[in-house]
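Okay, so here's just one chain, in structure tokens, the form predicted on its own.
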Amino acid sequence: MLEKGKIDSRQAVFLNITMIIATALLVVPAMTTAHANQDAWLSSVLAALLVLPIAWITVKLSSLFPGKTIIEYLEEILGRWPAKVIGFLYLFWFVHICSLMIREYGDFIVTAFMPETPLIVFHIVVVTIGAYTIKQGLEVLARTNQIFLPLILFSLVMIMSLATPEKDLNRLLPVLEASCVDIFKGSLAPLAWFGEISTFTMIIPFLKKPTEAWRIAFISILLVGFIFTLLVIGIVTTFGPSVAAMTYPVLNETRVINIAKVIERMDPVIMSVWVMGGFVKITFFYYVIVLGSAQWLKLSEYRPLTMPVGIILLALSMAIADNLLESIHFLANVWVFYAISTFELGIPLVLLIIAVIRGRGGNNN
């Protein structure tokens, strides 16, 4: 096994939460509200329910091939060359996600806080620190996240609480004004982000108790859905359906805070949330790419790939979009559909069906 480290159930839940929520909290509320208006919170709840089959399939596949990631058990299901093709596509997907996240990371900081600083500076910083963390192993990343996630959640609670004077629950009314179709459409963006739980397949083999994988996935989704729904409710009660026209609704939430003209302009708080959460999510996917590439190439060590992969991610993050609006448009109108239909649900479902029909894996009963 290339990775010798092990993580416990709590660390795995924390990683899953940060891996999903870190970038979802910035742009997804606007995408959801664009379809469901004040019923966006219902779309969030629906997304959490719809992602459960994705999580179950992910865990079930891993239980059939204990100790192996999806890159490794593909060959047992499909044979050598088809497995190489599908494995390469998954690695491409991970690279695509990570490159998009690095670009989002830099765009947010440059657009909202440091417009005079070249974008590449922030990309280099986060990739360099990520590379160092990866070389320390999965355990170090999990422990780092154990420190960051509570700070992120506390910061979000503080922002929502301080913005209470600007909130009006009547902005959530009337409930169910949006049609069922619109509520479903509104659920697709959060579903795509929640569906990243499928990446959990890459760390299940490194759990101290792999038999707890389903419990970990279920708790992760429950908490992510709860956090995101509260976040959407908080934003909608502040701005109403106009959230749909915003690029960064949570940032706008911090800018309406004004307590006796003493506590105001809490922008640095949301920047801290983004820096911590973005770093963990980028590093997690960076790690998955490096580990998966080593498994795909059948290497005995994954760490030598850290730098080459980092260079690829840097190059792609600069070339992946011309500007912020293009990046957000792609995420909302293209990425959502191809992520759900192909890598999060489509391919895993087909793999599970083939594995069961062919009797592959060590636990088909």
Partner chain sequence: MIKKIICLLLVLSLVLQGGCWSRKELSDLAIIMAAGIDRTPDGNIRLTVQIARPRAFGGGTVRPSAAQENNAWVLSQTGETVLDAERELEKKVSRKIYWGHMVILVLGQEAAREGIRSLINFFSRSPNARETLWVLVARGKAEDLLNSHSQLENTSAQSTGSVLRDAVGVPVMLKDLIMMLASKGTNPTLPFLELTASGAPQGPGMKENIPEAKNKQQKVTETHAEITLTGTGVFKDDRLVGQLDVPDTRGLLWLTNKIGPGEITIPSPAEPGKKISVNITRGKTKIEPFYDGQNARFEIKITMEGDLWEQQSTEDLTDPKIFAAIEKRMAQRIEQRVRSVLDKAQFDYGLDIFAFGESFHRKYKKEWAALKDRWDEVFANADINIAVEAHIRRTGLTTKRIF
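Positions refer to the first chain, counted from 1. Because the structure is predicted, anything quoted here is derived from the model rather than measured.
The form predicted in complex with its partner chain exists for this protein as well; it is not shown, and the discussion that follows is about that form.
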**Prompt:** Counting only non-hydrogen atoms and a 4.5 angstroms cut-off, does residue 171 reach its partner chain in the predicted bound form?
**Reply:** yes
**Prompt:** Using 4.5 Å between non-hydrogen atoms, is residue 208 touching its partner chain in the predicted bound form?
**Reply:** no
**Prompt:** According to a 4.5 angstroms non-hydrogen atom cut-off, is residue 239 in contact with its partner chain in the predicted bound form?
**Reply:** yes
**Asked** Is there a heavy atom of residue 150 lying 4.5 Å or less from a heavy atom of its partner chain in the predicted bound form?
**Response** no
**Fill in**
Only one of 172-180, 194-202, 125-133, 289-297 has residues with a heavy atom within 4.5 Å of its partner chain in the predicted bound form, and that stretch is 172-180
**Message:** Only one of 215, 143, 84, 255 gets a heavy atom within 4.5 Å of its partner chain in the predicted bound form. Which one?
**Reply:** 255
**Request:** Let me know the one among 223, 159, 95, 112 whose heavy atoms come within 4.5 Å of its partner chain in the predicted bound form, would you?
**Result:** 112
**Prompt:** Quick check: do 38, 118 and 267 each get a heavy atom within 4.5 Å of its partner chain in the predicted bound form?
**Reply:** yes
**Any residue of 149-168 that, in the predicted bound form, places a heavy atom within 4.5 Å of its partner chain** = 166
